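So this first bit is one chain, no partners, the form predicted alone, shown in structure tokens.
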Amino acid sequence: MDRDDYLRSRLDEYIWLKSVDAGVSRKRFLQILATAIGATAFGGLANPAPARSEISKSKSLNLTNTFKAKESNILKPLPPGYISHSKGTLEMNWGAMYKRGYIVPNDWFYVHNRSTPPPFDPSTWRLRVEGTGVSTPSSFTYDEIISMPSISVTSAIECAANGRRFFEEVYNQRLSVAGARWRLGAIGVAEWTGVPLSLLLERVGLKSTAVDVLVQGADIDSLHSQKSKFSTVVPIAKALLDNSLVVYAMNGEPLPPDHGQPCRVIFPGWGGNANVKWIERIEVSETPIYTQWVTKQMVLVGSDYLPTAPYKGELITYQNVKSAFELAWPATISAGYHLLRGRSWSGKGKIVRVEVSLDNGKTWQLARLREPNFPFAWVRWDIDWNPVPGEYSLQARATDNLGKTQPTTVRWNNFGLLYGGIVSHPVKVQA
């Protein structure tokens, strides 16, 4: 759904009317449960998983957190090469991705924690699903969630502020927001396993009159001094897509605390804020839901963007097209042959073309795309380069299957969100 379509639908009946087709990958069986979890082919739901055996009960998974008092809001060990902007952020170092595969390992996955992950007790945790849009409000235990038919989806999660630093560098102007100055490392691709949200809503008697779905997590945003727990709102059409999941596993392991344990949601293609962690409550409403998180933070605010009440600016839904080189920033390499590598992605589909410039945009050549190339994830690409000593500025631009190509410049917005412009990557070649 384009932002314009979204706003038109809100102005008309204040409901969401459109979405995009989903891509769901066929992936390996997970081993976190003592039963096979249904795999899935692109575009379809998985076969229902058989009932789990006794040894798959949550106690056997040893999921209870052990917390240590420390300054950081991040619990997992910090891998070498990570960039930290605050006590709750870890940015992936693209130079460390050069020899890694398609999936980002859990310990290398970027983190944006507004607060420390909450403790989790499988015996007491409950997920409430309620609201005027359902007939039978219910609470689900962790055991009930992991016993439901499930699927696996390979998808990116990307912070809407990924690339925020480039606004300041390109415009030579300071942003008004205090958030992390990410380059392009606030993204990761993982295999997510969970229950289709549509199935959960079916269990509570979803009404045909349902309009919006609010998902609430356990974290409170201390940075913005918000007193309410973090939440997001999606239209019912997005919630019912095959790849919109209540997730409990990441890359074949129980969901780690920093990534949402016990459960989070994923809405592939949408900005990272939509993929709420540590979820506690889902509200389905017959009327539009407006929260401060969506109306004030998930918007583009600036002279080029017109606010549409109650939104403070132009609403953010899907991510845009981006590209990154698998190089340190700035990079220093030796003269001679190199196989340059990178990755490109789009929130609305899959990448069909990547062009690379080795001379700061003067000339361009096609990069080789490598499989897999899943929609809502990314594609890896490479190109040969045999430079002589000197200073270089490398650029990459990608095009998705909807014809969206990275522009040379992007419009300014005060929060530094959705930077999708071509980035110049500095490289020094030594003799």
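Just so we're clear, the structure is a prediction, and the values are computed from it rather than from any experiment. Note that residue numbering begins at 1 and tracks the sequence as displayed.
If you look for the form predicted in complex with a small molecule, you will not find it shown, but the lines that follow are about it.
Among heavy atoms of G272, some come within 4.5 Å of the small molecule in the model of the complex. Contact check for T295: every heavy atom lies farther than 4.5 Å from the small molecule in the model of the complex.
Within this chain, S72 is remote from the site of the small molecule in the model of the complex, having no heavy atom within 4.5 Å. Proximity of G133 to the small molecule in the model of the complex falls outside the 4.5 Å heavy atom cutoff. This chain is displayed alone, yet in the model of the complex one of V195, V111, I316, L184 has a heavy atom within 4.5 Å of the small molecule; that residue is V111.
Of the listed positions (E355, D242, E283, D258), a single one reaches within 4.5 angstroms of the small molecule by any non-hydrogen atom in the model of the complex, namely D258. Residues of just one listed stretch (146-154, 196-204, 325-333, 264-272) have heavy atoms within 4.5 Å of the small molecule in the model of the complex: 264-272. Although the small molecule is omitted here, in the model of the complex all of C159, G217 and W278 have a heavy atom within 4.5 Å of it.
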